[in-house]
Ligand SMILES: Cc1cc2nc3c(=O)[nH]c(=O)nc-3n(C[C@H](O)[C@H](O)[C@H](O)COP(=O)(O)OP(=O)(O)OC[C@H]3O[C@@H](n4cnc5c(N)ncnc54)[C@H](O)[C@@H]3O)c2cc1C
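Okay, so here's just one chain, in structure tokens, the form predicted alone.
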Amino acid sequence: MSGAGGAGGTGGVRPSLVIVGAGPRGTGLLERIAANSAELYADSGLDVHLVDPYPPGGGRIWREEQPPLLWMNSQAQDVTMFTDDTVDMAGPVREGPTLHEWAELDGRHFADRQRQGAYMRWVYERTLAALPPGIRVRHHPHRAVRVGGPREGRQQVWLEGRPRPLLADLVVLALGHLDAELDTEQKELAAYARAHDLVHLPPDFTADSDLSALPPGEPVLVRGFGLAFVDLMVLLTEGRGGRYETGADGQLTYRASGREPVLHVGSRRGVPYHSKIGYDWTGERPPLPRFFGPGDVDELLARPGGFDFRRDVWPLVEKELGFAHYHRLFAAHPERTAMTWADFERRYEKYTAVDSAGGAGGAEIRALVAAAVPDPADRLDLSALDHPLDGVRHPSYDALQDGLRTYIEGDLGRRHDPAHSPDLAVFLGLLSVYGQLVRLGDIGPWWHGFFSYLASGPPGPRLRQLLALSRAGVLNFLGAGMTVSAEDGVFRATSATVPGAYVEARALVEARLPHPTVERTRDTLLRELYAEGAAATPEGLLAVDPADGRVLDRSGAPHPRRFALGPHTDARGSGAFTRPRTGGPAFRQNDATARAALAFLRDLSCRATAA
């Protein structure tokens, strides 16, 4: 313990709070403790212990010690760690600079992760300076391996390599993204690789992967086309000495170093995530939420039999996104519509039934849209967006390369052309919907994948690099519905897009993040917590009280002294960072947990003083 004295727990010991995880969520919680302490904790003493083997601020994922080639996936103007008056919270607003304001960058710039790590370190240091003198913080560069203690008494947090635990009146698990034990398929692939001297890299955080086992010039199967793949692509090309040249026509050409492997990439969809939108919003914003707001969430939560996402929630989401799309189309491009907005809105609003296909408003809305929007290219088809290669077939992988390059070039053109600004309106709709869905808890993995695919894709320059790598033959597309088998001493990939064809390789990379359930996480603390009775959702997330983040047991009772925040919980929020002036669900959660913790510790201190 870092000192004693002052009013506090039993026997005159200072109250103690242990935060496991010193990355963005742990830092964000500490910032809210600083912001709320004047109201809720006065001048009382408190020891805060931050437990994390990585540096406070960035933690593991956003640490400064990363290759400079790796970028943030958001523009610098869209990254902030500070609250504003759009956040619905009880605590005070404490404004601060966004990443681009702090780093004095162009707001449209995609900063590298080293710069983001430096920003996070600065936020952490600023937060320490904002704490009152009675609150002291100590960082423990260790892993927390176990939490014990009675429900009504002090907790013990055991650290790796330390013989005695930290004692805590409260514990907050801000664990961030976690590693996972291999699932059944991954175990089988790994065993096959060992038996046949192959290379198998399971799901991992790409910056932490050992890529040296992938030899130059050799084919590598890559399963996954999201952001983990983009990092892999960068590290195996520019990271191995390759470079890009820009021609007079603006097109990139990749100059290989000769040290690159040959990547063959596919996935369920068979295409990369959609490019980030490359223009700014102008004019009137769609008034959101409209068809999926707090009242709709209240109604879903109040249903005695619960709710099903695809049956009860998705139709509302689909209608909300459609409203955002058509509001923008009518406002910015009225020449591409065939009726007045007032008429369209009135009719769109009244169609609320769900047809057998699960669409909001069903046939009536489809008929309305067909009458109001003559060009099918101006209509929103979320199913087609989610399955862009459905029904697409190519006679060979060579033919597929041209087809996929055309698709990606089209996506880049559209996402950088304000003539398609309804796409940006849908993006705003997705942000609004995400903020509402946080209250529903664990809604399964499909929505998060769909959101990331549409709204959290790579910067445009990354897709231009991908096209250059494809033209250079360093990267090849496999198509949709990719499957991998291990036979004849190699890995073999097939896809639905090129029937009957396959690609073989002696190396397979699973280019996606681990999916750590409470049963499969490599984090022993979380796994033991679950084994001892903490509740989990069907998807394996730790169940917490949505009001303040207290960990729930399997009877639904909240633990009075244990909280959890972040992606390992069913109140995961919108990620570590948020866009300024978008409500910030993670900020709201951090504030609620900080206030609950301070109130508990204040009352504990008062009782001890009275005794």
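The numbering used is simple: start at 1 and walk along the sequence shown. What you see is a predicted model, and the numbers here were worked out from it, not measured in a lab.
Quick note: we don't show the form predicted in complex with the ligand, though the next part is all about it.
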message: To verify the annotation, which of these, 393, 177, 492, 109, has a non-hydrogen atom within 4.5 Å of the ligand in the model of the complex?
response: 177
- line: Exactly one of 580, 560, 67, 53 comes within 4.5 Å of the ligand in the model of the complex through a heavy atom, and that residue is 53
message: Even though the partner isn't displayed, in the model of the complex is residue 142 close enough to the ligand, meaning a heavy atom within 4.5 Å?
response: yes
- prompt: Any chance residue 22 has a heavy atom within 4.5 Å of the ligand in the model of the complex?
  reply: yes
- prompt: Does residue 552 reach the ligand in the model of the complex if we count a contact as any heavy atom within 4.5 Å?
  reply: no
- prompt: Does residue 523 make contact with the ligand in the model of the complex, using a 4.5 Å heavy atom cut-off?
  reply: yes
message: Please pick out the stretch from 313 to 321, 233 to 241, 437 to 445, 68 to 76 that is in contact with the ligand in the model of the complex, where contact means heavy atoms within 4.5 Å.
response: 68 to 76
- request: Between 506 to 520 and the ligand in the model of the complex, list the residues on our side with a heavy atom within 4.5 Å.
  value: 513
